[in-house]
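Okay, so here's just one chain, in structure tokens, the form predicted on its own.
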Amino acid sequence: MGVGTILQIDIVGWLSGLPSWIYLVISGLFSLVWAFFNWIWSIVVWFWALAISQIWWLFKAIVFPGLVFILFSIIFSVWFTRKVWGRVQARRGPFHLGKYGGLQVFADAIKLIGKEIVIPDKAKRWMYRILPSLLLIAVLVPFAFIPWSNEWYIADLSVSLIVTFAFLTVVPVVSLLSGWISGSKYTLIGGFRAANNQFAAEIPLIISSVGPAMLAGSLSIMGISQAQSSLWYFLLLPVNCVTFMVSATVITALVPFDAPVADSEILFGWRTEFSGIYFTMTYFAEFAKQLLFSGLIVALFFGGSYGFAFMPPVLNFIFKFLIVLFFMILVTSSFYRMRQDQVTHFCWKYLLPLSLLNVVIAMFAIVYVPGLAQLLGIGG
């Protein structure tokens, strides 16, 4: 081919091969799309198989004894507390809406949720919006470890007791932060009081739970509950049960330890500046803590789902749970409010030594009472 030769293109041959080229391109693209579709479908099938295999766990986590059951329990506890307090104080309690005032709580919730959210000018706005949700989550998560029976529970960890206390430790921190970020002296004082309650009662509370953990040889709430199939730990650790209940009342800031939200002194304490849905979440978190501690008391000291042979295990637990809840409400409606120095003095001077003493006495009883160790299932 010479230098001046013009490059020749076979147009006819190129056009005749064009359909084959287009077919190859389209088939290649279709293969890619089909492969992508198969990949997506395999992911859908995997997730579906996982959901089917976990559907029983999802039911327990969402319905019973999960979120739906806990939320309705909180609503019931609000109504139950009002009714008990009303009877103790010689009045009727809620009675306007529903049978025995049963719908009053729903009306109050709708009213609170529908209220305008007013954020103070001096408040840290993003923390103001996050902290109530964080508080409610920190209280609701430990319910996953409450063994309503050997079948009805959400999760069982070998250290579930420690994990539960870890989540409960978050609560006073959130209360203190809520008091600080609201930009009010009343909320800040209430936050410091909530932290003081926690510091005063946390050590007696944890030591009171050491006894059941040592007797069961486990840090699992489920394991401690199952270890009481022959003998309730309340019979060996009655003082620990009382100190645990009183410490729980202090941490929950119930009367007579309600100084963090003392309405006659600091308006409504660290919750003063919350409104609308944010106040509703903090209010529900208070009753959720009361329910959580009632469940822990049943699991640690009253045999969990063991006890009355004529009742199913779940009803066993719920029956004892309601009795403990009633007793806590009854006690908190019968005393006057204590000052913060009195709270600290009471917890460290009385609750702490008593909780330690009962553990020591129980250990001596295991060693020197014949047959007790075998009855508890911890060897000779």
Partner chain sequence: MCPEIVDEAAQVWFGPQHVSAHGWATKLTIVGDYIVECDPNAGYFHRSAEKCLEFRNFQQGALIMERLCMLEAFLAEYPYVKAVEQIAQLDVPERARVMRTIMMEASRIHSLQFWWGQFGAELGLFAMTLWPWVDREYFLDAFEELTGSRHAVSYSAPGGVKYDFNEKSIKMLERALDRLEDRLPKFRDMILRSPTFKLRTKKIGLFDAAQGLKWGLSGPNIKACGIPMDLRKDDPDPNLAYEMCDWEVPVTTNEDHPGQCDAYDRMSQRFKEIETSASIIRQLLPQVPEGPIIDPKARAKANRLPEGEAYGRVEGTRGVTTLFLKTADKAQTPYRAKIRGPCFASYYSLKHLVPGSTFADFVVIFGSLDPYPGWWDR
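In this text, all values refer to a predicted model and were calculated from it rather than measured experimentally. Positions refer to the first chain, counted from 1.
A second form of this protein, the form predicted in complex with the partner chain, is not displayed here; the remarks below concern that form.
Engineer: Considering Ala216, Ile189, Ile297, Ile154, which brings a non-hydrogen atom within 4.5 Å of the partner chain in the model of the complex?
Structural biologist: Looking at the other structure, the residue within range turns out to be Ile189.
Engineer: Using heavy atoms only and a 4.5 Å cut-off, determine which of Ile119, Val88, Val159, Ala166 is in contact with the partner chain in the model of the complex.
Structural biologist: Selected residue: Val88.
Engineer: Using heavy atoms only and a 4.5 Å cut-off, decide whether all three of Leu267, Ser333 and Arg339 touch the partner chain in the model of the complex.
Structural biologist: Spot residues vs the partner chain: full contact, yes.
Engineer: Looking in the model of the complex, any heavy atom of Arg271 within 4.5 Å of the partner chain?
Structural biologist: Outside the cut-off, so no.
Engineer: Consider Val255 of the chain shown here, and say whether it contacts the partner chain in the model of the complex, taking contact as heavy atoms within 4.5 Å.
Structural biologist: Yes, Val255 is a contact residue.
Engineer: Using heavy atoms and a 4.5 Å limit, would one call Lys185 a contact residue for the partner chain in the model of the complex?
Structural biologist: Lys185: contacts the partner chain in the model of the complex.
Engineer: Of the listed stretches (231 to 239, 278 to 286, 255 to 263, 106 to 114), which one has a non-hydrogen atom within 4.5 Å of the partner chain in the model of the complex?
Structural biologist: Contact-bearing stretch, as computed: 255 to 263.
Engineer: If you look in the model of the complex, which residues in 193 to 218 sit within 4.5 Å of the partner chain (heavy atoms)?
Structural biologist: Only Arg193 sits within 4.5 Å of the partner.
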